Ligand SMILES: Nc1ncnc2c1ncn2[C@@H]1O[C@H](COP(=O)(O)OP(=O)(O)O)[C@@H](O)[C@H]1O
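The chain below stands alone and is given in structure tokens; this is the form predicted on its own.
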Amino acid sequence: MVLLVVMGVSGSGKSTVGSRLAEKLGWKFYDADDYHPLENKKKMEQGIPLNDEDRIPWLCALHDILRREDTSRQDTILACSALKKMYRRVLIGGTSAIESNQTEQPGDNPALKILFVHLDGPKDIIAGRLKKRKGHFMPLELLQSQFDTLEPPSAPENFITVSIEKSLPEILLQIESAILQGEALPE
């Protein structure tokens, strides 16, 4: 059973990669953007970057979705920016990760085992994608704030980094290979 979070800045291809991979593997797919409260969407539409107070309740709701899928043993992919290490800890451990500043949880609610797939690439390529995108609440003007907020995953986090400069089939193959080989999956 695998929980996978496709992460990166807006425009890196999280939704496309996540949904295509889920379709290919027959897994469940969730797009974190669908779970932003209206206030968050309005803020972003106005060109105002979200802060931690805006994101934490949203991340806790996403953790609850992942927890439910984990409990039902459902392979799941979530497309979510997960820009900061703290945000990834909340996805893994829920609200207790905020309070304790760690992901390990005692008792009946152990930390989720998640593989983070960081879609990484040059800002100019991502900006070009955002310019072409229509009908999305995240404007190009906020891209720099995303890069400023980004804390790329690092050890001991469970992650792989995939270049967005590859073709979509190559990206999917790299992620699928990592999953099938178990090279980046948690114990």
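Note that residue numbering begins at 1 and tracks the sequence as displayed. Fair warning: this is a prediction, and the values are worked out from it, not measured in the lab.
One more form of this protein should be noted, the form predicted in complex with the ligand, which is absent from this view; the next part is about it.
Counting atoms of the ligand, placed from its pose in the predicted complex by superposing the C-alphas round the site, that lie within 2.4 Å of this form's backbone or C-beta atoms gives zero, so the site is open. Contact here is defined as any heavy atom lying within 4.5 Å of the ligand in the predicted complex, and by that definition each of T16, L168 and I171 is a contact residue. Within this chain, V9 lines the site of the ligand in the predicted complex, having a heavy atom no more than 4.5 Å away. In the predicted complex, the ligand stays beyond 4.5 Å of every heavy atom belonging to K43. The shortest heavy atom separation between R129 and the ligand in the predicted complex is within 4.5 Å. Using a 4.5 angstroms limit between non-hydrogen atoms, I164 touches the ligand in the predicted complex.
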